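Shown here is one chain on its own, the form predicted on its own, set out as structure tokens.
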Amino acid sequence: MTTFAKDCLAGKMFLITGGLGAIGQVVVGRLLEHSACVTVNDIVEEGRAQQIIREKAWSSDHLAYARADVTRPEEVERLVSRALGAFGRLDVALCHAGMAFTSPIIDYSESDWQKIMDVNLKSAFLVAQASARAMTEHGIKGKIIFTSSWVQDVPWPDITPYNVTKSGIKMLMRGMARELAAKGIRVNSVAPGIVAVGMAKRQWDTEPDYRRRAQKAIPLGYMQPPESVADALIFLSSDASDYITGTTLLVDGGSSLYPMD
């Protein structure tokens, strides 16, 4: 099913971090289907990245891969420069890179806490900041979009540090939206629910207690298709959202409507 016009992103140059992850690949594919040019960032080795690109049949005319660790400021600066060089401008930065792992909070180590803060929150700040600087320097009234989560407001058990990073992204987004509005840069977030890929899908398939809890938490009654995340990002990237800034678009099947326990 085609939700948007195939050319709705024509002429827009994107940067997406975490673009070769489970959800990221779906997003990249959708962006290309809608005529965007995309610089895809991840930490995947170049050879493996090119293999994924070939398997997906993504057009090299509209896609460039840039390996970088977005928790490191100097690598982020080079990444944004490469995105500018690949397609001549940067219109939309998707701060999508993230990670999650489960552990009771009383067992969570300081090193694991620091790692998830760096990957989820620090990297989002660094990429958004560098992208905003580039847009400002080139006079581009662009868009910065974070991938948050419904758990930014709902404390899902055993991933408390992850919840904290997503709450931090919510305020980072709102603060940047307030500061950058005068420059014409819109800043928003997409907050998915329990998506049917990656860690959530593995837990759904292998952990009965998780599945029981997750089923109670989704009013629509089924796991979220990753395509719905991509569609939300397309909307916020398109001209249709030009009067939206400082907003979290909840795309969670209703999971944030009420406590699940």
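Since this is a predicted model, take the numbers as computed values, not measurements. Numbers follow the displayed sequence, beginning with 1.
Another form, the form predicted in complex with a small molecule, is not on view; read the next lines as being about it.
Out of the listed residues Gly29, Pro225, Gly198, Pro219, Gly198 is the one that sits within 4.5 Å of the small molecule in the model of the complex by at least one heavy atom. In the model of the complex, the small molecule lies within 4.5 Å of some heavy atom of Ala22. For Asp69, a non-hydrogen atom is located within 4.5 Å of the small molecule in the model of the complex, even though that partner is not displayed. The small molecule is not shown here, but in the model of the complex it comes within 4.5 Å of a heavy atom of Ile194. The small molecule in the model of the complex is not approached by Arg212, whose heavy atoms all lie more than 4.5 angstroms from it.
Per the 4.5 Å heavy atom criterion, the small molecule in the model of the complex is contacted by stretch 148-156, the sole one of 181-189, 148-156, 129-137, 106-114.
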